[in-house]
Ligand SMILES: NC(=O)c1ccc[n+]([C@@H]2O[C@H](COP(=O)([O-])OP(=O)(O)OC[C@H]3O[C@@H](n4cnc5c(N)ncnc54)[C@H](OP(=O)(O)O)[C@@H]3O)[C@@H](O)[C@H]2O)c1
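One chain follows as structure tokens, the form predicted on its own.
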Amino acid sequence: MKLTKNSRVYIAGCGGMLGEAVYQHFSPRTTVLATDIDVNADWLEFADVRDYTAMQRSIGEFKPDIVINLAALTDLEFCEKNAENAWLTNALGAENLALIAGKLEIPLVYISTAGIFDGAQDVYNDFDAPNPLSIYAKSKYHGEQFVQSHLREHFIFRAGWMMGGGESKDKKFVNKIFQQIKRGSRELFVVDDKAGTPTFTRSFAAGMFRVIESGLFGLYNQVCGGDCNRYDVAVEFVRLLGLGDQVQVTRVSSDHFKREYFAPRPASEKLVNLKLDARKLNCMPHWKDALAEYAKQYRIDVSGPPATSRHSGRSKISVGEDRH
């Protein structure tokens, strides 16, 4: 489906780190209505995916050509403590938007996560069977299943460790590392027993646009190229900030943070973009190149300019928490 300025795109849950990137990519190219329960920008309107009647009215009045569902509670510990809210937002919210899109006979885009896998194998492609461990993962996987079973015309994109949004929007790993450094920490303790595939929000938004325009409905893994663990990301980010000689990154196991991060997490969330590669739709960069681009947003707050990426060129993903 060709997307033009006349194409009307409704984006729910657009107030987060991924939402900002999707809005920035889609709004110059299409006519967008962006909503969220947290109206934190002047381009957002209020809408709650948990309220079917209100969502039906909001979407119906806009008369979109496609609906994008970015709404999710993504903090794993919060979801464990607030299971009912997690199910209502991540699962029922997905049902509500799928039902509305079905009645309007328009496509729906749903964002899922690498966290739906149990980590029993090293790498997961688009066809591997999920086995979610946490409340967050279970509620997101329910959304996947409902969309697939109720809508023929749908796009599902599975993201990995999300990075993007800068200090104001990023609630995930990269910004947490930065905030520790900003507060004066000169030694960072980072786990090295959790593997995954980083996912840059800007590239993810561009990839969504490209796949939607292809009209090839279905489910897609969409993550950056290469694989790593949390320690690898921290070391590279510190280097890019120009602080490799000033900040020490120390390896620890997940047990080091078992009280703070008690929700079950798979040992590996590494995804491979099998379908995107096969259909020649993969536009995701290598994670080091993406992190180098992202790190530029932080250089004004940390002394020393960021270095350039040591990874040359864009590589095809081989192997592989952060969510939208």
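Residue numbers run from 1 along the displayed sequence. All of these numbers come straight from a predicted model, not from anything done at the bench.
Just so you know, the form predicted together with the ligand exists too; it's not on screen, but the next bit is about it.
*Asks:* Check each of 174, 159, 135, 101 and return the one that places a heavy atom within 4.5 angstroms of the ligand in the model of the complex.
*Replies:* If I apply the 4.5 Å criterion carefully, the residue I get is 159.
*Asks:* Given that the ligand is left out here, which of 37, 54, 283, 41 has a heavy atom within 4.5 Å of it in the model of the complex?
*Replies:* Checked against the cut-off, the match is 37.
*Asks:* Using a 4.5 Å heavy atom cut-off, indicate which stretch of 64-72, 285-293, 25-33, 251-259 touches the ligand in the model of the complex.
*Replies:* So the stretch in question is 64-72.
*Asks:* With the cut-off set at 4.5 Å between non-hydrogen atoms, does residue 221 touch the ligand in the model of the complex?
*Replies:* No - in the model of the complex, heavy atoms of residue 221 and the ligand never come within 4.5 Å of each other.
*Asks:* How about residue 18: is it within 4.5 Å of the ligand in the model of the complex, going by heavy atoms?
*Replies:* Residue 18: contacts the ligand in the model of the complex.
*Asks:* Heavy atoms within 4.5 Å of the ligand in the model of the complex: does residue 47 have any?
*Replies:* Yes.
*Asks:* Would residue 112 sit within 4.5 Å of the ligand in the model of the complex, counting heavy atoms only?
*Replies:* Although the ligand is absent here, residue 112 would touch it in the model of the complex, with heavy atoms inside 4.5 Å.
*Asks:* Along 137-156, which positions have a non-hydrogen atom within 4.5 Å of the ligand in the model of the complex?
*Replies:* Only 140 sits within 4.5 Å of the partner.
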